[in-house]
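Take a look at this one chain, the form predicted alone, written out in structure tokens.
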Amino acid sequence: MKDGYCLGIESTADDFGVGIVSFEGEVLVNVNDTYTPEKGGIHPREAARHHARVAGKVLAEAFRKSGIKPKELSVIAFSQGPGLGPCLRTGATAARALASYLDLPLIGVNHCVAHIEIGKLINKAEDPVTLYVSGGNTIVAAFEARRYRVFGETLDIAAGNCIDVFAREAGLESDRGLPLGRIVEERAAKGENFIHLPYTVKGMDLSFSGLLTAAITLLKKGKYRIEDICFSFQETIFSMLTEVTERALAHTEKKEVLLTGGVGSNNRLKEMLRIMAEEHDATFHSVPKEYALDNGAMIAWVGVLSYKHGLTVPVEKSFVKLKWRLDEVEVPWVDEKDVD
């Protein structure tokens, strides 16, 4: 297949991102614009309005920074799901318009697959057990029989959402504009006393709602330092995540662990997973923040992989899939022989 470039559009939640990646896996550009609500969590329709407003600007910036002209593109990819409906539809509309105008193939990408594949590309990882943990997803996955199989996942809320809700309840919003998880991490680093909180691992799955309720109850009682609550809260969540990841690693006997997603930028979580991986003689990989957060480059890279295997979608059938599970997607570019 001749050399070429794929433009990817990410719009599953609060980020509108555009990336351009070569067919050889070189990331030429990765531009992002994030919707920030005035208060509370993401409001899907407001986020979608933000995406529609900034789409033209972000696309123009991507072309300018990459030095690539639209006519040099070979394929257009977009995040088809899972995600928030209004946000997904906004990105899909932009991708369809580009593909139609430039007469290029269109590819719908599974957002979760994209997080795994960009992590593998950046780290040159071959066959990892992946912990993907973000505001909207908490999944432990590994490749088996043409798909990324889910070995464990959250049964209620995602770990990132759990941390964000706790931080807002604790009044930890910062004038510095830091992510809430980062603020909790900073406070946790100053904690000294561990307070026991609900630790809920059910088989290979996790539940965070009871932990969240208990932590908020502690806040309201006012008996403990906020630093100690943050320390205990964060330590409990990450211990649960590490346990399930370790069990998947032991079961699959793979030799790599990959951490990705927005929560993956937390240094304490990295430390716990690194120690666990070393105990199993496995290599630990973490994804740089630029690629761990939602971004267009990861969509573009899976667009390249999909295009090379003929996985395009007609514009008229490119409906978004709000609940598109990771383990529903075949990934023929992963060679069975290379991961045995």
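Numbering starts at 1 and follows the sequence shown. Since the structure is predicted, the reported quantities are computational estimates derived from the model, not experimental observations.
The same protein also has a form predicted in complex with ligand ATP, omitted here; what follows describes it.
- Annotated contact segment (heavy atom within 4.5 Å of ligand ATP in the model of the complex): 132 to 140, selected among 99 to 107, 204 to 212, 146 to 154, 132 to 140.
- In the model of the complex, ligand ATP lies within 4.5 Å of some heavy atom of L180.
- Interface residue remark: G160 is counted as part of the site for ligand ATP in the model of the complex, having a heavy atom within 4.5 Å.
- In the model of the complex, at least one heavy atom of D164 sits within 4.5 Å of a heavy atom of ligand ATP.
- Contact check for L273: no non-hydrogen atom falls within 4.5 Å of ligand ATP in the model of the complex.
- Exactly one listed residue, out of L88, V244, V263, I118, brings a non-hydrogen atom to within 4.5 Å of ligand ATP in the model of the complex: V263.
- For the options V320, I20, A13, I9, the one in contact with ligand ATP in the model of the complex, meaning a heavy atom within 4.5 Å, is A13.
- In this stretch, 294 to 320, the one residue having a heavy atom within 4.5 Å of ligand ATP in the model of the complex is D294; the partner itself is omitted from this view.
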